[in-house]
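As a starting point, one isolated chain is supplied in structure tokens, in the form predicted alone.
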């Protein structure tokens, strides 16, 4: 079945997209600023850490076009796209690679941030659970991997500009309105209220676990009393 107007991106995936973009960009800005902004850097990191969990469930049980199976970038699809022979709506094979890389990088960054420290005033929620050498290694990976995020964000912006100027395709409008103007298949499955509730519950559970608020308070060593002579 084809139609001239297709419900491409449902509301939950649109909220996921824009909230993830806002959280990642704000976390980068607050991390670069440092100082008192580090507390917001940590909070924004927690906001971002639940997003991959939500998208993982939605990628298997969400609507048709949001499912990984509908846009998984197999070598054959990538080759067809590079030859100009790929036909479809939603994420093209190269965009799919970028989406998967972005989700993986955000998850990696968040997990390293939970263990990181700045040797001044900031410690991640799980800092006290491991030794200093491992903390420092996690901090180093956290600072290095952000460069991958820069590249992925730049790739997204470049792709949007390329499609708008060269292919005359507006990639932003469907992510705002949810509608794709053109031929293609309407979504046929997934995206129930139960799936949404489970996705949100899992995301909140991941954020709670990552916050470390469930950990016992660290024991402060007792100090010996001083005596005045």
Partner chain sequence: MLHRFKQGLAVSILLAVSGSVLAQQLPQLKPEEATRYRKAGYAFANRNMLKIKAMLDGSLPYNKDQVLAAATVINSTVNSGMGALYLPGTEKDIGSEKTRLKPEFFTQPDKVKEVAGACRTAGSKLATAAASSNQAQVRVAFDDMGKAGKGCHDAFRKD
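Positions refer to the first chain, counted from 1. Model, not experiment: these values are computed from the prediction.
Note that the form predicted in complex with its partner chain isn't included here; everything after this is about it.
Heavy atom of residue 140 within 4.5 Å of its partner chain in the predicted complex: Yes, residue 140 lies within 4.5 Å of its partner chain in the predicted complex.
Residue 79: touches its partner chain in the predicted complex, heavy atom cutoff 4.5 angstroms: Close contact is absent here: in the predicted complex, residue 79 is far from its partner chain, nothing within 4.5 Å, heavy atoms only.
4.5 Å heavy atom contact, residue 122 and its partner chain in the predicted complex: Yes, residue 122 sits close enough to its partner chain in the predicted complex that at least one of its heavy atoms falls within 4.5 Å.
Proximity of residue 50 to its partner chain in the predicted complex, heavy atoms at 4.5 Å: Residue-level check for residue 50: no, no contact with its partner chain.
One residue of 172, 204, 39, 161 in contact with its partner chain, assessed in the predicted complex (non-hydrogen atom, 4.5 angstroms): After the contact test, the surviving option is 39.
Candidate spot 14, 26 and 111, all three touching its partner chain in the predicted complex (heavy atom, 4.5 Å): Negative, none of the three is within 4.5 Å.
Heavy atom contact within 4.5 Å of its partner chain in the predicted complex, the stretch among 192-200, 59-67, 28-36, 161-169: One stretch meets the cut-off, namely 28-36.
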